Each structure stands twice: as structure tokens, then as C-alpha cells.
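Encoded as C-alpha cells, the following chain is the form predicted on its own, with no partner shown.
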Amino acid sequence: MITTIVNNYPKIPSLSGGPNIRRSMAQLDEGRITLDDLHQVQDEATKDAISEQVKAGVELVTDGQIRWDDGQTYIASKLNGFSISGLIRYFDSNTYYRQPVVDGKISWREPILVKDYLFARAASERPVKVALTGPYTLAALSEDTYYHDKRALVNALAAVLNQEAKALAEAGAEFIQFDEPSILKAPADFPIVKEAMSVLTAGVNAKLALYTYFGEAGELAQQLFSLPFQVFGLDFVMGPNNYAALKSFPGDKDLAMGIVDARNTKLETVDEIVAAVKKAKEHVSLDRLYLNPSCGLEFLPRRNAYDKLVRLTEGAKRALEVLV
């Protein structure tokens, strides 16, 4: 059983009193600092985010996506064929992202996350995973003014993200995660998803994970589990019926359980975490479990996010003591 986070970590403020990313980005826009100055701040903030995850006891960390404006812009802005538009609401949250606009043929220019991964790996005493938005969700959250065909757009994105994943694997990334919350919102599109995921994962020499959140797998569960990934992430906070889906969970795959609420400051108890693990253990052995928050932690204040991770690792330790 391995503890991890889903993707992002709150940017402000650092518990150690470190740099404030949001303030520095505003200062860049105002011309008060240079881009090199911002990159130095991002480096320090990334180190802080990793350090807090490690201090909390998390075993598989991310770089906190500290350099990302949001889950869509950071990827789309570095691909050919995209421009970035105005702010739009992110799912049913109180956060917003700048909507990517597909206005040309999508192509991959160069590695997007390799440098970030190498920096994080050098800064971390724990293994580092890379998390990025998957092709279906990136398509769903973008405006398409070029392809006018969902299947064509998703496949184009799968092809370029496959190139990115290969570059990451070649750089040494052993765990690459694709976030696909939008899959749960459109089950009728699963044939498009299935085709794209074959393109996305082809020839990538790394452990690959598919994470969903903000809902239940429902009727998609068995089809999801058939996709070419080694790890499947499910949200058991907003999707409590996902426990029922575990009856069909494949014996040769790993399960990532979102069991602490990343959108609520209320702190779960150790007993609640143990109970969730015990319920999953009826169908998935402990050695095939990852424990993580229900989604990214950037919805929470920094202290609450850290406390959630501490409680998650406390619960994992207790579960191993009483359930083995």
C-alpha cells in the first residue's frame, strides 16, 4: 500500500514562509520582476511543496504542479494548434481556468514536463510521479474551432501526449498518470475514449495510471478497467458507489483510492480511513492499493491540505497494522 497525492498542491502560502507564487506571477504581469525571477520563485516553491509531502509521510510525490496556471493551460499553451482564451469555471468548483482554443492542427513541439520532472526528482528523497491532463478531458475542456469532430480532436491529443509520455519515460519517469475526470460525464463517448487510450499508451515504457474523480464510474467501470493502464484511480468521496464497482476490479491491476476529501477542510479520522481500506480489501489486496485524496489539493488552504496528507498517512499506517 502506497500513499500519494493526485496531482496539484496548494501554491500559497508555504507553511515554511517560502515564496508566494501567485504574488510573483502578478508581479511578472506588472513588469516588477523578470521571467528568470519567476522561475527561481517556482523552483523554491516546488521544493517546498515536495518537502511538505515528504514531511507528511507521502511515499509517492508529485512536483505539486506549482508551475501550472491550471490543468489545461500548462499543456495546451506548449502545443501547436492552441491559443488561450478567457476564464471559465472548472467543473462544479469555485475555481476557474483559461480555456484552451483549438484553432489549428495540433502537434508536439518539444518536451513539456521533462525539465519539471527532472527538477522534482533531484529535489525529492521519495519517488516522483508525473501527472498530466489526459486527451479526452483536455478536449472536453477546450473550445474546438478547427477539427469540429470530437473523435479526431481526442485522437490528435492522444498522439501528442503519447510523444510527451515517451519523452518522460526516456528521461527516467517510472510512473505517469493521466487525469480524466471528464470521462465520467459522457459515458456514451467511451468508444472514442477506448480508441484514444490505445494511441496514448502505445510504446510508453512506464507504469501508467488513469485517474478519474468528481463522480462515480457507474456503468463505465468494467470498460474503464479494460483500458491499457496498470493503475486506476477512483474517487470514493464524491463517488461512494465506486465500492460496488470493485467487484469487477481486475486481479492484475492496482487501485488508487481517493478517500480523503480534497474539497472540504473537515479532517477525516484514522478510523474512517481504515474502514475505507477494509471495504476495498474485500476485492483488492493491500499490496495493490494506492491511497490518495479524492482529487487535487489546490481547492484547500495549504495547512488543511498538509493536515489531510498527515491524516492519510496515519490512516494507511494503522490499516497496515490491523488489516494485514
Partner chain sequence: MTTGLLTTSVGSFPKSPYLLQARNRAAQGKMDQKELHELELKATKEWIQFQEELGIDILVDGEQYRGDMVTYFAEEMEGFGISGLVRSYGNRYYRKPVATGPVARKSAITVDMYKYSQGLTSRPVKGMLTGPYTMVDWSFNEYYPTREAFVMAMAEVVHQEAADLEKAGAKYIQIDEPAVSTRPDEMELAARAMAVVTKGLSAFTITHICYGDFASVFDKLIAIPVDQFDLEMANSGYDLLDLLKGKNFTKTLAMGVVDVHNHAIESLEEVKASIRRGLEALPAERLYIDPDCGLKTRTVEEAKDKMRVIAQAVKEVKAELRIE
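Positions refer to the first chain, counted from 1. Keep in mind the model is a prediction, meaning the values are calculated, not measured.
The next section is about a form of this same protein that is not shown, the form predicted together with its partner chain.
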| property | result |
| --- | --- |
| Interface residue in the predicted bound form among E125, D252, E110, D92, criterion: non-hydrogen atom within 4.5 angstroms of its partner chain | D92 |
| Exercise: G18 in contact with its partner chain in the predicted bound form, heavy atom 4.5 Å | no |
| Its partner chain contact at K266 in the predicted bound form, heavy atom, 4.5 Å | yes |
| L87, heavy atom within 4.5 angstroms of its partner chain in the predicted bound form | yes |
| Residue contact check: D69 to its partner chain in the predicted bound form, 4.5 Å heavy atom | yes |
| All of I12, R22 and F299 with a heavy atom within 4.5 Å of its partner chain in the predicted bound form | yes |
| One stretch from 61-69, 282-290, 44-52, 252-260 that, in the predicted bound form, holds residues within 4.5 Å of its partner chain by heavy atom | 61-69 |
